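There is one chain below, alone, in structure tokens, taken in the form predicted on its own.
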Amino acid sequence: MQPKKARREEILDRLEEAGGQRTGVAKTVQRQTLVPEADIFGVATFYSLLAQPEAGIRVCQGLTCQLAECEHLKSELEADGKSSVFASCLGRCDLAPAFWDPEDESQIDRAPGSPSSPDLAIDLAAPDSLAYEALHKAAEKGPDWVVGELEASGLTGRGGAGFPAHIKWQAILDQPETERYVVLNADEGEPGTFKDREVILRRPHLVIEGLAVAAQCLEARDIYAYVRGEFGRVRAALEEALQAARKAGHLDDGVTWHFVDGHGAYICGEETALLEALEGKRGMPRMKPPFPVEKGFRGKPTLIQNVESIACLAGILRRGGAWFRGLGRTEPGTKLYCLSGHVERPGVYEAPMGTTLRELLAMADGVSGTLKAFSPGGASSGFLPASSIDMPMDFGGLRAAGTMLGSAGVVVLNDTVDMVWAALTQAVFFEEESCGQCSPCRIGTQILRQALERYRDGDPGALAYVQDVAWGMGEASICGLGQAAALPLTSALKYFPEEFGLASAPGGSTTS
């Protein structure tokens, strides 16, 4: 008799069914899956939602919520007799100070944003459509046409990397392996970012249709939607849209759809860490190459796309790649920009790629106070000074300026903010969210946080080795977390040296 095969991919589902890591749970799951108990314990303790199943209400301590006095919110909850813990950014930056109660999903409100317009690729304010015209058009014209339109559109990944979408799709079509997968990355965890939440809540059919187009074009038989665990209503919106599309007869019955909850790990927004999670492992990024288009989920060719990227597909295929390209100003298409922090009307604003912060602030009714600094692309992008207000917000221009557009999570800071404190807030986030796999990131994030704390405690020499540590992290970390984690501190040093007791930025450059 053949021994039973261990079922590692079931681990997270079984742990979730058991209510997280509690006494005896690892042993129970071991019997169910035949995976070693030590491995199960390691997985359970990696993910915050499983490791702290009885934490109660989670209060966001991201930078935007710190600006909105999240400590006061936590004190109020505890005064009301409600158990609470601090958590990393909860993706509700427009509702700061934000919290998440697992027993009540009603706190997610829909942020205000851009008015409906035919010149927007996603158009969050428009009615969602069940027509699925793009899917039927793609079926009629075939994969080569779809990839050709993607190339003509110039669509690049909207999750942060900005990689051309058509290259990914063509690379999978070129693989001899016919077992292929489509994966939606909806594990939105970058502080300052909440656009994917809005897309799914407002336009879920754009997402379902885009995924169906991808599976049809690439001949994938399975679609996995990995949705942030703190967003229960978001997953429900996708599932309801899927059922409506099936009922309308739009979808191929031969494709299996899987909806998977994330379990509280920022690192799983990195595509290969997400794949590890889908396979029932700790979410630790893989070395690349090979890339997922060659060896992804279960070692097979896998397309991984961000929610915003997938949502652009329907408009591109309905109206043409050239139409989408023409929507941009400095780069193709429109972009969903998230505005939070010291801004009068936080929310998601869709605008031409290359729109400036000055223009975005005008859409959001301006700054609360006097602009001092901003993060153009979430915590990973560091800080830019107010003098950069007219810089085009696109991938190439910001990269050339030493920062990044990333997921376009724009956090606005006014002149009341201490930049040493702001850098420390981001350093705490990255240290807590490092997966710990590689030493440059695991040790480097700790060193940066400790250096900032020592400096705030009165040690003027505490930051002497920051630039060296940052260089090592950038050069040797496995994934983008470690490569970018030092940027909040190094950018604050560059643009606001006087707040660190320096006459100029390290290396002799002056402030902008």
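All values derive from a computational prediction rather than experimental measurement. Heads up: residue numbers just count along the shown sequence, starting at 1.
Separately, the form predicted in complex with a small molecule exists; it is not shown, and the next lines address it.
- Contact annotation: Y181 falls outside 4.5 Å of the small molecule in the predicted bound form, judged by heavy atom distances.
- Within 4.5 Å of any heavy atom of the small molecule in the predicted bound form lies no heavy atom of P352.
- At a distance threshold of 4.5 angstroms between non-hydrogen atoms, K281 is out of contact with the small molecule in the predicted bound form.
- Residue contact with the small molecule in the predicted bound form: G157 places a heavy atom within 4.5 Å of it.
- Checking L173, A161, I389, A125 for any heavy atom within 4.5 Å of the small molecule in the predicted bound form turns up a single hit: A161.
- Shown without its partner, this chain lists D394, E198, E230, E271 as candidates; in the predicted bound form, only E271 has a non-hydrogen atom within 4.5 angstroms of the small molecule.
- The stretch among 34-42, 52-60, 479-487, 463-471 whose residues place heavy atoms within 4.5 Å of the small molecule in the predicted bound form is 479-487.
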